[in-house]
Structure formats: structure tokens, C-alpha cells
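Shown here is one chain on its own, the form predicted on its own, set out as C-alpha cells.
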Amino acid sequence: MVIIMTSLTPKELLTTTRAVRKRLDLEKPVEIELVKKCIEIAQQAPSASNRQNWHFLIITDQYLKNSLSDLFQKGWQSYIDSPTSVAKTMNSDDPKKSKTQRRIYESAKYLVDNLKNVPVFVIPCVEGRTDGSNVSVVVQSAIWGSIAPAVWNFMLAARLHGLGTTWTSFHLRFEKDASELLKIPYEKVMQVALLPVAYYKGSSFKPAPRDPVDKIIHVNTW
């Protein structure tokens, strides 16, 4: 297999790697070796105490994708009914915000409806759990600080290879069910996301609108 990488500057890669949902190509197959190449890059991320306690499940079996999509759909419905969902902010007094929130809702709903057709799922996992009542913030930071950089490395690598993805988590409302389906030892290993992976349509991505940086910077004290 010939690996072709896009020609992006480091700044372009870091500022234009977006959450891709509607632009995922649901028709074009994704080579598993290409996904493995991206995971090799993910492995270069730092991890707490150099434990490298990450794992990545690559899901291509249609039965498993269908079953995970069902859990994802149930998780989405639970979220959309909650008071903090994006659906509750689509009718803001600010027309610009309403438009943005509606676009986000429609993009997320498209993925919910089409998830089972995405060529590849990648489920990043990490050894250890953060959902116990006695897990200190130090331990939580170490666990998430190990897996999150690796996942972002994967997403950047995917972009370099012409693949789109996004961090999703709706199926985690039923994580134990997903663990049983995938034979993951739930008590020892935590799923952290479901990454739909496909070639993306089009070629242009641009930086997203953000607040002025001074609004979020605090020097010395809050």
C-alpha cells in the first residue's frame, strides 16, 4: 500500500484539524494498515511515568459497528433530552449563536444517523478508571494526561493522511455494554471515546472562530 501524506505546514495542521462529521466519505474504504500507521504516531505521545498504558481497538466488523451505533443512538437521545444539550441552545437571543448551535446540532445528528456506515471505528482505551469515588484528581490527571495526547496525535496523523475523524462519546453512557460486546475488561480498562474514521470529502479546512486569546489567559493569578 502506498501511503500518501498531505502537504500541510505545522501551523495549518494544528489550526485546521477539525471535527469531521458530514464530510466523512461513507463510500470509500479505509485501509486498516493506514489506521495502524496513525496509531504508531499516536504511540509517540508522552504518558504518565512512561507507562504507555493505552490501547486502540480498530472496529471494521459490521455487526459490531451496528451494535455500537445502537448504543451511540441511545446515548445521543439521553443527551439530547438533557437540559445542557446543544438542542437547548439553538434558540438563543443571539442570532449568530443560534445559527452556530443549530449547525453543530445538525452535524452531530448526521453522524448519529450515519455512524454505522463509517468505514472504521477506533476506540481508544486506557488502563485504569477515573469514575471511582476515591480516585484523586492527581490520578485522574495522570490517566487522562496519558490517553488524551495520544488520541490527539492519532487525529493529527489521520488528517495528514487524508482521513477525517472526531472525538465522540455518546456510547460511553453504556460503556459496560460496549465492553461486553468488545470483550474489554471493564474493571481494568476504560474506553475514552469512539473515533469514526473515513477519508474526508473536499480539501479545505480553516481555523474555527474563537474568543480573543486575552479572554482566556490569566497571568500569575486568576
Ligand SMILES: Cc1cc2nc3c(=O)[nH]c(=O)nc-3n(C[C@H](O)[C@H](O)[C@H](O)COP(=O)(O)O)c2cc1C
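Residue numbers run from 1 along the displayed sequence. The structure presented is a predicted model; accordingly, all values stated were derived computationally and were not measured.
Same protein, other form: the form predicted in complex with this ligand, not shown, and the subject of what follows.
Contact between residue 11 and this ligand in the model of the complex is not found at the 4.5 Å heavy atom cutoff.
Although the partner is absent here, residue 111 is a contact residue: one of its heavy atoms lies within 4.5 angstroms of this ligand in the model of the complex. A residue is said to contact a partner when one of its heavy atoms sits within 4.5 Å of a partner heavy atom; residue 167 meets this definition for this ligand in the model of the complex. Among residues of the shown chain, residue 18 is one whose heavy atoms approach this ligand to within 4.5 Å in the model of the complex.
Taking 142, 135, 80, 104 one by one, only a single residue has any non-hydrogen atom within 4.5 Å of this ligand in the model of the complex, and it is 104.
For the stretch 185-222, the set of residues having any non-hydrogen atom within 4.5 angstroms of this ligand in the model of the complex comprises 208, 210, in sequence order.
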